[in-house]
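Only one chain is shown below, in structure tokens, and it's the form predicted alone.
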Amino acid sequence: MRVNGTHYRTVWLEGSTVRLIDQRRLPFAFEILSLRTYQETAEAIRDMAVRGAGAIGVAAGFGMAQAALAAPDGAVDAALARAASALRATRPTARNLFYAIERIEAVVAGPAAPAAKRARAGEAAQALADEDARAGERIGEIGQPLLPSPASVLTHCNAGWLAFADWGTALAPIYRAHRDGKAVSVFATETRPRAQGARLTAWELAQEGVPCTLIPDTAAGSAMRQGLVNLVLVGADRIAANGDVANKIGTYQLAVLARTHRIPFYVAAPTSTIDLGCPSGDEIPIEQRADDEVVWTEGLTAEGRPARIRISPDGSRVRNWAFDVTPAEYLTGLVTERGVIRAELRAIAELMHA
């Protein structure tokens, strides 16, 4: 996607250095981090400098490549094992992160010269990033016919270009429709407590020239009741074998509201987000993050200075679930790079084994 007219990927590898857009600084500053070791890459994932299922998967793949490239002869396998352990420990919910690590491990497994293992790790990580970008573009092509013209789409959190190597998932059909000349506008929820909708989605859509209206999370039901929403389109961090979906906290209530108001509710995600080893949403690990994300907020003052302020009383009790699970029955369908399917066990199994 474009930033001030220049194309960028969210994360990429230059030599043995991982380069990525620091999402913590957006939308107030556009900065690119340079991460020279897999430990630095793991910390960037943990600290949400890079976020979004696909993007952290790509970053993890590049982190594995970094470990292989830096390892001395005779120690490549051990270095990859240490890197895999560190990267797996960063964030538990997004399937793409584990998928990426498993891909690199499988490619490098077995007897081979150290130089060959390093080359395989680097090539596999780059291939994974390219596949992620192509999957997002394909989701855009397959998903755009779901949007009427004019279309008013409600989305939650950020499942756009910043959340993947390129194009994204939930925003990809919107970008494709916009470029194809459809009249498309978006309602973006602010997505407390990290405000990915306010800080990332609204910024992305502005860069692409797509009209966007930012609304409080609690306004979604009212917007639906007023007939302002044609379609709800969100991403996913993990999809269970039965079609249950883990996504940013607040997704479940949007699905319930969409059903109440008879509005189509689609989840867009690549097949790398589907976890056939996870029978249902009950088995998806849900990350709980620090209390500070809820009781503090940050932004710019009226004078344009960065500031961090407390918004709740000292000593407030907090539960900060990063994700929730939406049962498959609430989904109109899943939009993948291989087609639109029903969110059900048989359809998902056929898709994955095709």
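None of the values given here were measured: they were computed from a predicted structure. We number the residues from 1 along the sequence you see.
As for the form predicted in complex with a further copy of the same chain, it is not shown, yet the points below apply to it.
Sort through 29, 32, 290, 309 and report the residue having a heavy atom within 4.5 Å of a further copy of the same chain in the model of the complex.
The residue in contact is 309.
Pick from 177, 274, 79, 212: which has a non-hydrogen atom within 4.5 Å of a further copy of the same chain in the model of the complex?
Residue within 4.5 Å of the partner: 212.
Using a 4.5 angstroms cut-off on non-hydrogen atoms, would residue 12 count as touching a further copy of the same chain in the model of the complex?
Although a further copy of the same chain is absent here, residue 12 would stay clear of it in the model of the complex, with no heavy atoms inside 4.5 Å.
Does a further copy of the same chain come within 4.5 Å of any heavy atom of residue 263 in the model of the complex?
So residue 263 does not count as contacting a further copy of the same chain.
Quick one: does residue 192 come within 4.5 Å of a further copy of the same chain in the model of the complex, counting heavy atoms only?
Heavy-atom contact with a further copy of the same chain at 4.5 Å: present for residue 192.
Contact between residue 99 and a further copy of the same chain in the model of the complex at 4.5 Å, heavy atoms?
Flag for residue 99 set to no.
The chain here is shown without a further copy of the same chain. Which stretch in 68-76, 196-204, 85-93, 126-134 comes within 4.5 angstroms of it in the model of the complex, by heavy atom distance?
So the stretch in question is 196-204.
Using a 4.5 Å heavy atom cut-off, are 37, 43 and 115 all in contact with a further copy of the same chain in the model of the complex?
Contact check failed for every one of 37, 43 and 115.
What residues, if any, in 294-309 have a non-hydrogen atom within 4.5 angstroms of a further copy of the same chain in the model of the complex?
In sequence order, 294, 296, 297, 298, 299, 300, 301, 302, 307, 308, 309 come within 4.5 Å of the partner.
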